[in-house]
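So this first bit is one chain, no partners, the form predicted on its own, shown in structure tokens.
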């Protein structure tokens, strides 16, 4: 049994990592259990709100106007428990954290960026890696652009991108190259190319291959492969060598930008002294007087942890924050109440692609305004038991494009409430 921590964060996705960072920033003693591997499936884009209402597929250039419209229209959505100022501050704190950890993002602002995706669509997002920002600028201006891909990179096709975006960006040309590095041949993967581009000589050889094909291009787009630890340096070197901005296009998961985000957040929590149990999995949480006792399945032996508070950031079905059998959806760790349709027959609509989405996607844990978990009658289960991120009820983050805002905003609000609950002696200004 370890010494008592102020808070145990269960989960290491974006919500869990944000909660751990925010809590440590406020002087709380934090233990975090979980592997951040789910971040490998992230595109690297941080969404606030892209679509509302879903049935109309209405997009928002001003995400804050959409945020207020959603709060008016959907009184049960987690955003109704957050003030815009809270979410702005949370994004700012996260962006500063990532920058400190060596991963630069665009500053949180007033507008969504329009970004070309790896499947040839255009997506609205709030904050994006600096290596992708020149692509958003080029798309907005509609300037001539050269899209480059590589032999053997099956997950990415410049021609498919150009065909998909169509008339939205008419001055696109494409170029396929054999990647100029020893040992990178045949079927190749984005991570292998990114690792090779950590080397300056490889970047120079790539620039030499692209240069004769520039023509009238005023920007060059590459799949998101510009290095793993030094992506900004790789982008700057290629930009200097070619004389036009270089930008990355998000690729299919698992992605290099997801790996960069994972690595940066792991550096950030480590720098703040968070006690990370990466190879453990919480299998039980029990009250023990005024504390919580957490049983952690770990190698080489199980671990028992104590904490004055618990923040659940375990995600949905992929992260096993929610599970389902033939009858109902469950929260498996504490058997918390899960808001869900009355019967299984109501989980899905008849049309798989119904623009209104499916009721199952809005199942989740209910909380009070401070994101403390509630029972089926709406009563707080414990004053220091919180739930944040996609495990929450009454949202459809994938269709609404609000996943990062949900993760970061609710984590910040829960930590603020927790700091108040534990008292000033447990926090720093």
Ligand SMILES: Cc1cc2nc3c(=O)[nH]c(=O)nc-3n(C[C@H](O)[C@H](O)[C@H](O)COP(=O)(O)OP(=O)(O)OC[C@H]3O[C@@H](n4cnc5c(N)ncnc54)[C@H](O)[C@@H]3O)c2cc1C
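Small disclaimer: the values here were computed from a predicted structure and weren't measured. Positions refer to the first chain, counted from 1.
As for the form predicted in complex with the ligand, it is not shown, yet the points below apply to it.
Stretch-level contact check against the ligand in the predicted complex with heavy atoms at 4.5 Å: of 55-63, 361-369, 386-394, 22-30, the positive one is 386-394.
Comment: the ligand is not present in this chain, but in the predicted complex one of 118, 221, 321, 129 has a heavy atom within 4.5 Å of it, namely 321. Out of the listed residues 225, 313, 309, 147, 313 is the one that sits within 4.5 Å of the ligand in the predicted complex by at least one heavy atom.
For the chain shown alone, residue 276 is not a contact residue for the ligand in the predicted complex, no non-hydrogen atom being within 4.5 angstroms. Mapping the unseen interface onto this chain, residue 282 counts among the residues with a heavy atom inside 4.5 Å of the ligand in the predicted complex.
Contact annotation for residue 272: none of its heavy atoms lies within 4.5 Å of the ligand in the predicted complex. Although the partner is absent here, residue 411 lies well away from the ligand in the predicted complex, with no heavy atom inside 4.5 Å. Taken together, the three residues 14, 38 and 45 all lie with some non-hydrogen atom within 4.5 angstroms of the ligand in the predicted complex.
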